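Here we start with a single chain on its own, the form predicted on its own, put down as structure tokens.
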Amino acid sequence: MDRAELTAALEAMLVTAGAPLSAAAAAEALGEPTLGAAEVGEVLEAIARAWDREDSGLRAEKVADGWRCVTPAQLDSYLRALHGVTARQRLSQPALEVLAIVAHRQPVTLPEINFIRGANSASVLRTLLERRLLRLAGRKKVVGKPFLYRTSKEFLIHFGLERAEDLPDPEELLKEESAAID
């Protein structure tokens, strides 16, 4: 398989994949024994650079240990009109607070979340679990053995992150905010 055919095949995979496409999964799907994940990864990065143009309607974005095809934000209104989407599903303020706590303190228990928020978060947590933005991560080895919660792969995809560690440090954001006010 030459480079042009490989690029075309990977572009087609990106456009049609229902979930982030890892280089290893793409290499396996191509069925070329001499083609490794590293070479496929290089071509995926080249596709991302090629699609990263102002006049392009597609972008390749690295999220959740894989690549996905996305569209630029400025084309949102056209796509909403085409697909008949009138309203966005937004996360509530309590849901965003719980997500932030879990993302920065994971693994974390419900009592710890409640303590930080100063409010009962059980129903919000249940909703985030149903939406698959959070996942169970076992039980804490303390009296009562409460469940531990972590962010999920869906969380990474939803927020366009490759890893949870890519989140900004809250203390740095506060420093930047106070510096901007001064």
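Counting begins at 1, following the sequence as shown. What you see is a predicted model, and the numbers here were worked out from it, not measured in a lab.
Below, we refer to the form predicted together with a further copy of the same chain, which is not included among the displayed structures.
Taken together, the three residues E42, A46 and A60 lack any non-hydrogen atom within 4.5 angstroms of a further copy of the same chain in the predicted complex.
Although the partner is absent here, E28 sits close enough that one of its heavy atoms falls within 4.5 Å of a further copy of the same chain in the predicted complex. Residue contact with a further copy of the same chain in the predicted complex: A37 places no heavy atom within 4.5 Å of it. Taking non-hydrogen atoms only, G138 approaches a further copy of the same chain to within 4.5 angstroms in the predicted complex. Contact between Y149 and a further copy of the same chain in the predicted complex is found at the 4.5 Å heavy atom cutoff. Contacts of stretch 74-109 with a further copy of the same chain in the predicted complex, defined by any heavy atom lying within 4.5 Å, are made by L75, Y78, L79, A81, L82, H83, listed in sequence order.
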